[in-house]
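In the form predicted alone, a lone chain appears below as structure tokens.
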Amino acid sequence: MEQISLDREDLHFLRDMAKQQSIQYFNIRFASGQTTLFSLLNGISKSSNSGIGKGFSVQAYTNGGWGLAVGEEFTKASIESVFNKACKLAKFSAKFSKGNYEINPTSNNKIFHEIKQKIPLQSISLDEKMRFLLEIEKDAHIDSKIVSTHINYSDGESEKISYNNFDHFIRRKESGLLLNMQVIAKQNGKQEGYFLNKGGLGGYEILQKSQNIATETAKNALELLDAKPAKPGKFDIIMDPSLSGTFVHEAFGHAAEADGVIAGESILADKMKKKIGKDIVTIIDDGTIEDQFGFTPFDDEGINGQKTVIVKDGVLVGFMHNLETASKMGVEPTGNARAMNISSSPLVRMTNIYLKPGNATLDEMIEEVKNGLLCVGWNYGYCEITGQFMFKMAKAYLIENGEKTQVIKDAAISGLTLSVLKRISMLSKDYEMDPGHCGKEGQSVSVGSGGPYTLIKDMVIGGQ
């Protein structure tokens, strides 16, 4: 991986160029990194890839118009050329803009941040990584009913620099990995599968801590062989931390991203300072949690990662912002400007979003349910920032008269997001976070989502 030798003093000339061209704001981002990708099907390698890349982009703004241009070489001549292209695109875009606004200044800092690796990813050979993945795959074969396994592994590390016209300079070194596993079990013509992922930011130590993913996934797949199909109807449900996180991220979080609010697309567009959930409902997006996959010490516009309270005691109190949306709404940016790579413009994105835990135990919550389901994980679903959602659970357990009984499959929950927030009646004191990737406008970024066990009254369940 090529190191980026540029410093703030090397980029000062861009501020003069911006003034000469009447550019109100610019942000230049440099990146150099390398990745490793493995895919194994039934213990056989389907693909193995290792890549190295570098590049930079300039984002420019003037009179309501934005421009983005990309380059490869970190030379002054190349930077000047790409900068001029971005300025021309911004001025062209401004001709078709319906409104002008000022980008509020950010603090004048020079900052370095590095995600520490206990075991550096590049100190481990490709052979050793593959051998370890094959060992994990073998661990899934705990029963002869296990007929198929599929592992996807990715790791990467990068150095990034961002600099803007406010003389804000940030250098970051990042690293992390993600491990996905699917296991298929089969018996008497019946086939069931289960999927789990583990990962985090840091080094190879994360993979070593994730070895139990195989047996955990296999046990769940085997359990589903004895599952009964879900019956449709209305039930009280308890969502586990994974499903709680999925609901908060997918059904609610995207609606709280300020670009959708400004566009009038979000169900939350007219709800600021209004009661939208029970008193026990507090929802937070927090880019400062260092051990979570969405850790964002500085976003891609150089803004400090922050703990942003979106809902407090059931009341909508904030949105997630980048510089553009914060300037339009007259508030401070929240460190939620994130881009998939230097070729992409930073969008308003979540970091680590979660439903704040309560003070109940899972046993106490189960005792409250006379006829319901304990819902575990999810397989797929859809949601709209206009307020509707549907998630198919990975599995569920029937709860009868306060006791967990039969395992259930093919259950799906659906409803209206704000209606669900008003029917949350209990939250557990324990909570968990899951790593993953979130897509928006063709861009995918690493995120964390989670919450406690969540008891919701009268949920619509689809089944067979």
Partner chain sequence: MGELNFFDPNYFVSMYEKISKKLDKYNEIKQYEMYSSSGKQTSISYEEGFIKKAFHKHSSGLGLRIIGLNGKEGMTFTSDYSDSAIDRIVKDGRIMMRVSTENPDFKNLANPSKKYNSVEGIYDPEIDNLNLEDIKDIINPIFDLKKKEFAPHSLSGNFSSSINSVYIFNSNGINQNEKKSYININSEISLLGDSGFPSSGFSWQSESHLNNLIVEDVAEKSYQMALRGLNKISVETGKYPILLSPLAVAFFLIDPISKAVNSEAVQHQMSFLGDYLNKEIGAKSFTLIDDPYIPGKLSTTSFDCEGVATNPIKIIDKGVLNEFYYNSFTAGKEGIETNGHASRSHYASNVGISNHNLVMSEGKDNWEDILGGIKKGIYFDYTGDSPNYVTGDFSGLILTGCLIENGEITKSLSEALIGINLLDAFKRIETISKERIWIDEAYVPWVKLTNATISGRK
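Numbering follows the first chain given and starts at 1. Throughout, rigid core stands for the largest set of C-alpha atoms superposing within 1.5 Å between the two forms. The structure presented is a predicted model; accordingly, all values stated were derived computationally and were not measured.
Although it is not shown, the form predicted in complex with the partner chain is what the next lines describe.
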| field | Partner proximity in the model of the complex: E324 to the partner chain, non-hydrogen atom cutoff 4.5 Å | value | yes
| If you check in the model of the complex, is I184 within 4.5 Å of the partner chain, heavy atoms only? | yes
| query | Might S45 be said to contact the partner chain in the model of the complex, defining contact as any heavy atom within 4.5 Å? | reply | yes
| message | Taking the partner chain as it sits in the model of the complex, is T386 near enough to touch it, meaning that at least one heavy atom pair lies within 4.5 angstroms? | response | yes
| said: The chain here is shown without the partner chain. Which stretch in 361 to 369, 166 to 174, 214 to 222, 130 to 138 comes within 4.5 angstroms of it in the model of the complex, by heavy atom distance? | reply: 130 to 138
| field | Contacting member of I289, L89, I142, I280, with respect to the partner chain in the model of the complex [4.5 Å, heavy atom] | value | L89
| field | G193, G314, G318, P297 - the one with a heavy atom within 4.5 Å of the partner chain in the model of the complex | value | G193
| Contact check for K98, V147 and S343 against the partner chain in the model of the complex, heavy atom at 4.5 Å | yes
| note | Of the residues spanning 50 to 76, the ones with some heavy atom within 4.5 Å of the partner chain in the model of the complex are S50, G51, I52, G53, K54, G64, G65, W66, G67, L68, A69, V70, E72
| said: Using the rigid core as the reference frame, would you say D127 shifts its C-alpha by 2 Å or more between the shown form and the other one? | reply: yes
